[in-house]
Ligand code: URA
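Shown next as structure tokens: one chain only, the form predicted alone.
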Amino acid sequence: MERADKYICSKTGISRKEIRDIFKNGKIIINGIVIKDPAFKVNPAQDCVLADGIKLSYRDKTYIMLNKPDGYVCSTRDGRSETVISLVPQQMYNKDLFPAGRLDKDSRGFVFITDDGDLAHRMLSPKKHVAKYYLVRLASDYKESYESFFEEGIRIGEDEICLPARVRGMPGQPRYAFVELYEGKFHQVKRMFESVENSVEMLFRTQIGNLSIDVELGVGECLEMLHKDVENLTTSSDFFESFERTKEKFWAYLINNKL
């Protein structure tokens, strides 16, 4: 059992002071009854709680797929820019959510948001060999010579050498490339292409592990994930299968969203 005000605060991000006012105004309904006492005890796993018209759903863990727009940072707090957490709808929100992995402020696509630290560790650890996939638009035409540089472990700084990675050009689109990484160094994809004397104009993460972003998910929208999909986040994937999947699924999306 848990205090109603504490539970609602954890699930909505509403401040304790605001919650007291909502109770006072009779806008908290628990199991069909208006409750005005913030200290009222609830069982989150069993009780139906409506807070100012928002139905709060009990979840042991929360798993969210976000189609990140540019302009947002992958952080829980940032004093200068809006964070991806601000895009999570209130009905999915809880105070323990965090983005599992980074995507640059000006990059787009699949960001996984959760409150499951164990799963995030399994997904992000290079030792677990969970790949991330990106579609990029380059400033200059793609060259096949990039492939050997990436596979050998490209140098992106005096003391920084990347793990072996894969890249392929997209057929019929000379300035687009598909990249597979097993790590996440700062601005890594951009720095890798700078090392081969090219630059990235647009970066869109299409896939984590063996799970692709839902192509029907609008920019800035969130989707609560099913457990069978969550399992695919830490499942090994095949580069060439992922490449073919991207060709089949994403061209219309890219055109419609002017990527």
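From 1 onward, residues are counted along the sequence shown. A quick note: this is a predicted structure, and the numbers were derived from the prediction, not measured.
What comes next is about the form predicted in complex with the ligand, which does not appear here.
Colleague: Could you tell me which one of V189, I154, A177, A100 places a heavy atom within 4.5 Å of the ligand in the model of the complex?
Modeller: None of the others qualify; the residue that does is V189.
Colleague: Identify which of Y72, Y134, F112, F150 has a heavy atom within 4.5 Å of the ligand in the model of the complex; exactly one of them does.
Modeller: So the residue touching the ligand in the model of the complex, by this definition, is Y134.
Colleague: My question is simply whether D116 lines the interface with the ligand in the model of the complex - judged by any non-hydrogen atom within 4.5 Å.
Modeller: D116 lies outside the contact set for the ligand.
Colleague: Would I28 sit within 4.5 Å of the ligand in the model of the complex, counting heavy atoms only?
Modeller: Flag for I28 set to no.
Colleague: Is I64 close enough to the ligand in the model of the complex to count, meaning some heavy atom within 4.5 Å?
Modeller: The answer is no: I64 has no heavy atom within 4.5 Å of the ligand.
Colleague: Should L203 be classed as touching the ligand in the model of the complex when contacts are defined as heavy atoms within 4.5 Å?
Modeller: Yes.
Colleague: When the ligand is placed as it is in the model of the complex, which of 87-95, 155-163, 142-150, 102-110 ends up with heavy atoms within 4.5 Å of it?
Modeller: In the other structure, the partner sits against 102-110.
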